[in-house]
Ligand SMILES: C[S@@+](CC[C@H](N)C(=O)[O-])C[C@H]1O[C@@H](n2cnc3c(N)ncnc32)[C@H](O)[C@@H]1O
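Read the single chain below, which is given as structure tokens and is the form predicted on its own.
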């Protein structure tokens, strides 16, 4: 099932085909490329394909804050009811007009009024889980917040890719200085601020993640590993060495050094 065909039908309750009754089968049908560039370029399309394949309409974007997945107009155009979540009320204050917001900690106790158990068909996040202090608790909460048959997709950077391992090991002040020097937009007050990265459970290995996700309540699980990044694109020589390393790791399936992952799970009962 290519992305184009997955997006050919309007959003609505559908019966998954025999090749995509499970999340594993669905992701296999998308035929992801090994390079993380595919993950970035197809994140929104993957979400829309999930919504169409499994008939998901009520979507919560975890940590969407100032930069949500879709505008209100785009969400309506796709037939989605989008709610933007964030732990930070200040970030939610920057959410574009027309979108509903939900202020709660995805790794908290879900006592906030905005945390509606069973209230979402689809929960998604992009570059959020590396900042979460208790990712296993977050997945357990996601299970509680999803309706029966609901789906969640988390897209995050992984250890132990050398570039992210360095970010993890360095003191936050040094890591912040490097990121600010390379990416001015990520300086304080910019449009894409840097938050401390913890990398709790941020791995690209199904063998490592599946037991934790099962404890959180999921049995329909897919971990899609990716390798490669663009941090060295302006550094000839190092860029080619790094690409060869990642291509080789992808070829043999060395998931200890993935750079990113999609984790996709579905709650039973749909």
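Since this is a predicted model, take the numbers as computed values, not measurements. Numbering follows the first chain given and starts at 1.
What comes next is about the form predicted in complex with the named molecule, which does not appear here.
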Within a 4.5 Å heavy atom cut-off, is residue 126 in contact with the named molecule in the model of the complex? yes
Discussion item. Since only the chain is shown here, I'm wondering whether residue 131 would be in contact with the named molecule in the model of the complex (any heavy atom pair within 4.5 Å).
Written reply: yes
- Using heavy atoms and a 4.5 Å limit, would one call residue 106 a contact residue for the named molecule in the model of the complex? yes
Query raised in the report: Is the gap between residue 204 and the named molecule in the model of the complex 4.5 Å or less for some heavy atom pair?
Result: no
Which of 75-83, 106-114, 143-151, 159-167 lies within 4.5 Å of the named molecule in the model of the complex, heavy atoms considered? The stretch 106-114
Looking in the model of the complex, the residues of 68-92 with a heavy atom no more than 4.5 Å from the named molecule, listed in order, are 85, 86, 87, 88, 91
